[in-house]
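Here you get one chain, nothing else, as structure tokens; it is the form predicted alone.
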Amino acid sequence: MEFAELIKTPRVDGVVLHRPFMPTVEGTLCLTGHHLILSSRQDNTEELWLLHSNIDSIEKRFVGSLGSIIVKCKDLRVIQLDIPGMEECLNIASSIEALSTLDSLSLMYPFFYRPMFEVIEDGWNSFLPEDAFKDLESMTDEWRLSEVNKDFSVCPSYPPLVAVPKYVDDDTLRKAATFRHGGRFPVLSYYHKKNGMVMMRAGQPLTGTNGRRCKEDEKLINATLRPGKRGYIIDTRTINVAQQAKARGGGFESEANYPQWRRIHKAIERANILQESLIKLVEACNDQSHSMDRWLSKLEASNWQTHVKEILTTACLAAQCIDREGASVLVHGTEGTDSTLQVTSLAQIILDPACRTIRGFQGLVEREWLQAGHPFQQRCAQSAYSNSKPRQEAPSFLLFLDCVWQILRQFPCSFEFSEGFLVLVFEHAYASQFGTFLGNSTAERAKLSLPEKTVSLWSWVNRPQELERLTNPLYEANSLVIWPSVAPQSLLLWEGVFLRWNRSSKCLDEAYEEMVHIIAYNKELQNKVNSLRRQLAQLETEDPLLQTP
């Protein structure tokens, strides 16, 4: 298919662009296969380059022969284009609708994008499972890297290489996979260096109404326990939801078959409820009524902060079991691709200082989201403005980023990256020139040859000038476990995402610049103090009479 077939009017002059807190711009609107571009002849005006894949929905309005298109984006931005001429406006609108809803992944912009920067490090090779396993090997010899899934036949959503207990063979893994939802047998998620405890993740067991059991599954998870130790199974569903899953062939581990494991049920909501919550939250944030009661009741009705609290609470529980109870943990929900990953990745943010660095966080997203089979293509197909009926969309990853931001806000000196880095990752998960978040699994990415045909987001982020921009100026490496407060009073609305386009950031930007200046000046003074101390010490050694009492 040619993009030209979908573009009815490629160019219109005299278009006026309205953006919140920015001056209006008049210029020429151009449509290409992947971008909506508005450029002005005024020298000091920046151009608008908007990816069609970032467009969630559009609305058309007409006053006489003047048409307006309101463009609502997946990054929650809303812009308005005033287009002279009804026919041009209708043509532009239908072209945008067609270009922003292309189903074929191979027509997406990452396959056409050519980087304008020098790729110093290929991000596709930066976080390979075999490299992560080398770090594990330096700490313990109790695990091995299995190739049981090398052709993706055992579990379509797992990567080809997975870390499993050393003395559990591949046959046992294959049989255990038939007992877990989607073939997602228990695999290693995290090894806690301090005490050797581990966190595993999986899909739900397929016990069904007959209470089916699987000796191989029991053997696999028991192999992670130390002699005389008990473990915890954290089921991210309520006991009622887990019971209902039995009627559909799913279920949970029974105490009789897993006597060394204690099961704890939490209440993280399913995907469709989270999507409704995001829609309600964004609607509340865009409400212009200025009524305090209305704002607070809409915010509460969205339940977004409740979801943040529940996910953080469950992650703290997992971290507590590992670090304070000295117990290993298995985490699962239903599929094991949403709430499970939120919990395992956040627990690592709490426990592992390496995950709080820029590079460590990239590795975490690779391991616990991309390689672990979170279906990004399905979950991020729509954001909060789409008019079409939600299918499998859900802000699971955005909720994870929100939870990370909550911890960052409570421990502002313990993270190497700034809030801007989290916002950047959110934006690229929904629409990007990079191939990192395309597809639903490693298998799909391999089939599409993404590492060969597209550029990785990490190739761009890991350039020195970009790293400098995304680094938190307050960062001081903290090797401790950090325990966030999950009290409702401690959890705030993430304004940097949800109110970003609803108010001017001028004052915040100025305050940030001032903070950076103060920190730089403080370092300069510190260096002067150190230099003077060295000079004084040298003088004292040269002349004993100068020695301080």
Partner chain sequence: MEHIRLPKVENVRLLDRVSPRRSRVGTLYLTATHTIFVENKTGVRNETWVLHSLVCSVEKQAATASGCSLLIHCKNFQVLHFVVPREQECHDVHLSLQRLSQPERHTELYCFSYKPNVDEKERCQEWDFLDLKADYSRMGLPNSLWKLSPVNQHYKVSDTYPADLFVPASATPPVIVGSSKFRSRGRFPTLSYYSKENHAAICRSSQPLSGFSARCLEDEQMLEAILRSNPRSDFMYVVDTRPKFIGIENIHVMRNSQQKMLGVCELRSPSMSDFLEGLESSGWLKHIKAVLDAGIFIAKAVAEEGVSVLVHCSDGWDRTAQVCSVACVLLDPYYRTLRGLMVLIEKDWVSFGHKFSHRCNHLVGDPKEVSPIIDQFLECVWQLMEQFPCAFEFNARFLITIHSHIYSCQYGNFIGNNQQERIELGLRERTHSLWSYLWKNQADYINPLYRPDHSQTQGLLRPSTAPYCFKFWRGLYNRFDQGMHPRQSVEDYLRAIREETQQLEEQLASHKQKIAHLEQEQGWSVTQKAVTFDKSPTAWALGNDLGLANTPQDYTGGFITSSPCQPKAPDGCRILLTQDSNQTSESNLSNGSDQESGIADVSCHSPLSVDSTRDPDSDEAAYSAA
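Positions refer to the first chain, counted from 1. Only the largest set of C-alpha atoms that superpose within 1.5 Å between the two forms is called the rigid core. Just so it is clear, the model here is predicted, and its values are computed rather than measured.
Note that the form predicted in complex with the partner chain isn't included here; everything after this is about it.
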| Segment assignment from 90 to 98, 175 to 183, 204 to 212, 290 to 298: heavy atom within 4.5 Å of the partner chain in the model of the complex | 290 to 298
| message | Is it the case that T24, even though its partner is missing from this view, gets within 4.5 Å of the partner chain in the model of the complex, heavy atoms only? | response | no
| request: Classify G64 as contacting or not contacting the partner chain in the model of the complex by the rule of any non-hydrogen atom within 4.5 angstroms, answering yes or no. | output: no
| message | When the contact criterion is heavy atoms within 4.5 Å, does N303 count as touching the partner chain in the model of the complex? | response | yes
| Contact between D170 and the partner chain in the model of the complex at 4.5 Å, heavy atoms? | no
| request: Establish, in the model of the complex, whether L136, L188 and I273 all lie within 4.5 Å of the partner chain, using non-hydrogen atoms for the distance. | output: no
| request: Note which of P412, P84, P390, P451 lies within 4.5 Å of the partner chain in the model of the complex, where distance is taken over heavy atoms; exactly one does. | output: P412
| note | None of K219, K447, R262, R463 but one has a heavy atom within 4.5 Å of the partner chain in the model of the complex; the exception is R262
| request: Verify the C-alpha shift of S531 between the shown form and the other one: is it 2 Å or more after superposing the core? | output: yes
